[in-house]
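In structure tokens, one chain follows: the form predicted on its own.
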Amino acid sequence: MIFSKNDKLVMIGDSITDTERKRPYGEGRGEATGKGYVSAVSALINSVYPELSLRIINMGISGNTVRSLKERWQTDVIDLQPDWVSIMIGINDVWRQYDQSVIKETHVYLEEYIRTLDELVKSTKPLVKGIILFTPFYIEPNANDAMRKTMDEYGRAVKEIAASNQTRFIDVQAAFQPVLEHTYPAELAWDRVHPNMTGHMVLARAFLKEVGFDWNKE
């Protein structure tokens, strides 16, 4: 387990992270951390590793792109003084190119995506113990699907950013693959983007694997 006692983890992203979390800060009682993978991660870590007293804050906002993250990075990440930061962003950067194809100003193309995400990682890394980067994903097994192909390009960019900055890395698309071999995409997400709880557990499991969670700990 990479976390130490009393560490603070800020998990930031779009609607996949948000999942109706508490405002302004996604922490506290009840469903304050939302109804998705952040809540699952929090519940599992704090039930299996209660001695860590890990503080998890969900700062996801629905509809966000990497451009949106840049605008709120100071207040929603840096000012919170986290020990660790996880970032899952890129789905809307790609999706707007397909569901709003003529509204060009909503598109975040690959060059801007890489430049902005790399800037955020580089500026934040000296201030924290570590950063965990998720790839964006599309719950579609056909790698030749147009949006899936674009999403994979953004995912490869995240992998390169993680490698060049020596951060933690989670390939979400790869994590979904074994599930998609047995499950039709619509059963996991009606729009192939917003997963049900099974999909969110795929995300949580991938995260926990990367941070060294011991499923056999007593």
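Keep in mind the model is a prediction, meaning the values are calculated, not measured. Note that residue numbering follows the sequence shown and begins at 1.
Unshown form predicted together with a further copy of the same chain; subsequent notes refer to it.
Engineer: Answer for F134 alone: is it within 4.5 Å of a further copy of the same chain in the model of the complex, judged on heavy atom distances?
Structural biologist: No - in the model of the complex, heavy atoms of F134 and a further copy of the same chain never come within 4.5 Å of each other.
Engineer: Though only this chain appears here, would L110 touch a further copy of the same chain in the model of the complex if you measure heavy atom gaps against 4.5 Å?
Structural biologist: No, L110 stays farther than 4.5 Å from a further copy of the same chain in the model of the complex.
Engineer: With a 4.5 Å heavy atom cut-off, would you call S62 a contact of a further copy of the same chain in the model of the complex?
Structural biologist: No.
Engineer: If we define contact as a non-hydrogen atom of the residue within 4.5 angstroms of the partner, is R67 a contact of a further copy of the same chain in the model of the complex?
Structural biologist: No, R67 sits far enough from a further copy of the same chain in the model of the complex that none of its heavy atoms falls within 4.5 Å.
Engineer: Tell me, please, which stretch of 121-129, 83-91, 136-144, 69-77 lies within 4.5 angstroms of a further copy of the same chain in the model of the complex when heavy atoms are compared?
Structural biologist: This holds for exactly one stretch, 136-144.
Engineer: Going by a further copy of the same chain in the model of the complex, which residues of 170-201 come within 4.5 Å of it through any heavy atom?
Structural biologist: Heavy-atom contacts to a further copy of the same chain in the model of the complex: P178, V179, H182, T183, Y184, A186, E187, W190, D191, R192, H194, M197, T198, M201.
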